[in-house]
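In the structure tokens that follow, a single protein chain appears in two forms: structure 1, then structure 2.
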Structure 1
């Protein structure tokens, strides 16, 4: 019985972890290239969630269509915020970029509230279920996982196999060296920031495919916190490392819940959070670059 529950929860955790990973890739990419910690990460996820809601309820289209739309709109937002604010702050003290990204987050939240109101909204996309011996999986969750894996593969290929990806990696390694070699470092910064934001906004679509309710202007906060843990887990500067970090996080979160529930008088959810942050602390102490990160 307990093994069945554990297997069921691990299956659910693996799928959720894939989506969490996708939701963290943008954060890692921006930190890796620009050395900017985007504390306004969660509100960009919220933007993706509202794009999905709008596409599904107003345009009556599948949430799958929302993935490329959100990515493109996210990139556009990335370019706007980069050229209006971030460009001037790249060489500024860390506190300035922290405050700037925090402000961008608040700006997005309040703009969303102005446009969509403060209701907790949701949509009902019914595409069937798979009944496994240990759990029930709605197809929408599976589509979310498949979407995450496909995007992670695309990013990996782009990062490692294309000229643009090589240019980004060279800027990560040594921005001055890259400039001497003729790479337009400013453009790489802008493009990386835009892709990072595009990925984050697109992850909002995938998250709502997993959980299509509770969409509201302030929904991003919880995901920001998780994204930081996952980013450290997967390697702060590695976007695809973040994807695997997400998978590990999902498995730890759901698997440990079942085990903690066996302890009498204990609230398992409280302990799963404790465990997540304990692991974060441990990794920072032992390997500050993250489990899957390099130098």
Structure 2
């Protein structure tokens, strides 16, 4: 019985891990290009969640429609925040960028509270389910995984097969060398920041397709913490590593929850968070570049 429950939770964890990975790719992209740690990562996920809620409840449209809408709106926010704040902080001390991104996150949270209120909200998107031997899998979760994989593949192709992607990779390798070769490094910074924010906001859509409840202005804090663990797990500068790091994290989170639930007198969800940060500490001590990071 326990093994059946564990297998079911691992299946759910693998799907959720794919969404976690996609939600972390924007964080890794921004750090890889700009060397900026976006501690306001979670509030951008919250923005995507509210876009989904608004499109589903007000416009009566499928959450799938919200994915490109959230990506475009996220890119717009990325350009606005880059040119209004982040552009002046390139090459600035880490504390300055940490405070700037933290402030942006607070601004987003309070703006969302002003518009949508502070109550927990959600929606119910019924599109069928698949009954597996070990678990029941709602189709909405499967769509979230498919969306994550498609976006990850699209990002990979864009990075490796387009001139814009080549320009971004050259700036990551050597920004001064790229500038000498005629690449507009300032534009690459702005474009990369916008794409990173666009991916993060779009991931908010996918996360609500997996967990369509608990949408509120302050929901992003937990996702920020998980994203940092996943980013370090996959190698902080690698968006692809972040995706596979998300898969590993999802398996660990859901698998450990099943095992912790067997222990009397403990709160299994709290222990999964403890385990997450314990893993983060071990990785930083043993392999600071991440399990999937480059040399």
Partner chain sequence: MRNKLIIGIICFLVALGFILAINAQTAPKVPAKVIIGDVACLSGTYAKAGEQAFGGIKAIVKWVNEVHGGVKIGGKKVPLGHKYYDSESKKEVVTSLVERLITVDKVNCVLAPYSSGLTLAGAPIAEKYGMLYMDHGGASDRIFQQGYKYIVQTIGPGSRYHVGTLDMIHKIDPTAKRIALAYEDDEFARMVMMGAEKHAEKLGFKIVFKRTYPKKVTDLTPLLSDLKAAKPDIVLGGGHYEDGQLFGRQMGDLDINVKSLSLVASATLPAYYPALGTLAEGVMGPSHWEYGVTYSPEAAKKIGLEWIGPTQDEFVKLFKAALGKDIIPDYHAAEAGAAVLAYVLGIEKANSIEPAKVRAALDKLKFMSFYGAWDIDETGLQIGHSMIDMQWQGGKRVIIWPPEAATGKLYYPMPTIAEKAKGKLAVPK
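Residue numbers count along the first chain shown, from 1. Everything quoted here is computed from the prediction, not taken from an experiment. In this text, the rigid core denotes the largest set of C-alpha atoms whose superposition between the two forms falls within 1.5 Å.
*Asks:* Could you let me know which number goes with the form predicted in complex with the partner chain?
*Replies:* It is the first structure (the form predicted in complex with the partner chain) rather than the second.
*Asks:* Is residue 271 displaced by at least 2 Å at its C-alpha between the two structures when the rigid core is overlaid?
*Replies:* Yes, its C-alpha moves 2 Å or more.
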